[in-house]
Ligand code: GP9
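So this first bit is one chain, no partners, the form predicted on its own, shown in structure tokens.
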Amino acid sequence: MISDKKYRISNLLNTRLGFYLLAVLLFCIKTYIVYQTKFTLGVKGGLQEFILAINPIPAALLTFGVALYFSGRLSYWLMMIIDFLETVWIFANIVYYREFSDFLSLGIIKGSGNVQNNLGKSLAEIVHFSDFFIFIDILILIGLLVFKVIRVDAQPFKKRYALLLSGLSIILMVGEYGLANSDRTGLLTRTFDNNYIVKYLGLNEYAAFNAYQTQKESATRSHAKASDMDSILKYLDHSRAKPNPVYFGKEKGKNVFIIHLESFQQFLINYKVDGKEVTPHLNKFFRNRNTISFDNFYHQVAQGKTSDAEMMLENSLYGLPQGSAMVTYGSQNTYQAAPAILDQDGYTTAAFHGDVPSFWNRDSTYKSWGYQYFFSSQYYKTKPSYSVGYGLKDKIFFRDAANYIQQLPQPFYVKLITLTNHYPYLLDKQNTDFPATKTGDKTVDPYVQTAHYLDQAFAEFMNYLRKTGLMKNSVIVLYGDHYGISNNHRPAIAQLLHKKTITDYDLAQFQKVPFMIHATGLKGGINHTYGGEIDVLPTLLHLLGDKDNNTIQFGTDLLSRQHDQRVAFRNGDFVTPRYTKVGSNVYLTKTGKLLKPNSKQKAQIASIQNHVTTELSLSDRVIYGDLLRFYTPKGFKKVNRKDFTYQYTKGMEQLKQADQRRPTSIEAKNGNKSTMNLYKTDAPELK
């Protein structure tokens, strides 16, 4: 009996249909294992487990079935090629997900040339040896063919049977979607989270849906019209927050420093390792009586990470649900960004970044935003020892940036993007003087060491500002752009937070990042208002005395009594002073208790969710349709990208001419002598 079964199985495997079914079976098994071991999809209950198990089948039947339309050995090798390409797609998503807690999108792939710089070191840290086991089924199938355990079926496979299998796979897809939609209503129309699509439909279906979305976005721009702005303006007219008279215009005419703390999370403030403060200088700055420090401030980024943070900070527009708006829409769209607004108020505007200008498409996007100068890596002296990971080490970067800052006509608006505290948190021994944490997670443990180095670099830069007098005449804004430790490191996070277990509520609160505003004479203190990066621009403009009632901004002034404390995350989740929503769960924000909402609470939560979904959708509509090309606020002049060049020679000539026309720079006021003798750093590379 057993031998008869083996004989029948052997006979089946020696047919093209049998080999096809074996290839599909092995592929689906490995995909399910990947779902369970490499991704965090939040599967709950028997139905979701069942859907996860079957979701690779329809797409595998369809894609592998393409080979059945061909004859002989070609059909078999086509199955191998399809299997290989599908596996490479899975592998790429495993690696990307481990770092970004999200799946690859067409926008990310299209913009890969702008974001992959220096990624080699990161990949070496991200890729695990076990990841390569997903190719084992291909090796098995090739081995079965090469050693003739399975023989090639030379008989032609009837086209009608191939068509039947293709039709069956499509029917199964429709059935799977119906089953998924019964558990998650509006799966493809309301969700902002790619985890849901992969969990319910699969990686292939996610890729197809993402490609459809990308094409739809392109069509949206071509079909957009001026009247599309009406709903945006109507919404914003009802949501704007009036300035707080205590703060409005108090910093008018002052310089502005935006210091971008790379991958810096709020928990690092006042955090200690072995009794030592990780960031003693930032801690002191946080508590300064002239610093307004927000302890309930959240990053709101998605796949665009740093680029999303910049988009929100300088435009009060959300990043995109997939990809990076700076990469995809930075060159072609019209913006009303902070540099353009302040340029038209008489400010010199400049961005500083110690890496190549093309990273995140900055050299192109910054022109659209109206930056007069962009001091990228081509403006700095470089040696191998000066850089680590993604660019110049922070101590060297701040020192070199100061050389150009002293030449900028005042008042100026300056953004400095730090880099050393970037994954994979690399730092050479000569710069490491702080103990790593001992969670056992190699990704997490050096995080405090690079954060400590950033803190030291910040302190050196602040000392320079004090010595030159810039501190007295400047507003200094510090913010963390996004998380440094992703949610995939739960055991390590639990140890860092001194907890036994971590809930989704804990992870939501872990997304807090610092936001501080400092100025001499400013009424400071710890502010418990809830807000996020979308709120920075209106807050800053009000401090500078710009009511800004006309530009398109989705955030509200954090210092206003009318500030909206509903903080939207890009996937549609949210945090408010009362509720924290993560997926389908809602927690009480103050206690972290999982809520079983009553009818009144359900209505409140639904109202917040409607607001969040509406705001994200309207912001997306502005970017996808490039709607700002149809709307020019009163008193605002549209940016002409041709006005700007960031080439070193032309940039330096332009800076020299600007300082001659308006000799208000620190260097000009110092008798045209450099102030760099006042800059002190202990960077060992410079000794």
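Counting begins at 1, following the sequence as shown. Worth saying up front: this structure is predicted, and the values here are computed from it rather than measured.
Another form, the form predicted in complex with the ligand, is not on view; read the next lines as being about it.
For the three residues A451, G480 and F510, a heavy atom within 4.5 Å of the ligand turns up in the predicted bound form in no case. Picking from 612-620, 86-94, 593-601, 353-361 the stretch near the ligand in the predicted bound form, with a 4.5 Å limit on heavy atoms, gives 353-361. Contact check for T306: a non-hydrogen atom falls within 4.5 Å of the ligand in the predicted bound form. When the ligand is considered in the predicted bound form, E262 lines it closely, a heavy atom lying within 4.5 Å. In the predicted bound form, the ligand stays beyond 4.5 Å of every heavy atom belonging to F569. The closest heavy atom approach of Y390 to the ligand in the predicted bound form falls within 4.5 Å.
Only one of A340, I534, L419, L104 comes within 4.5 Å of the ligand in the predicted bound form through a heavy atom, and that residue is L419.
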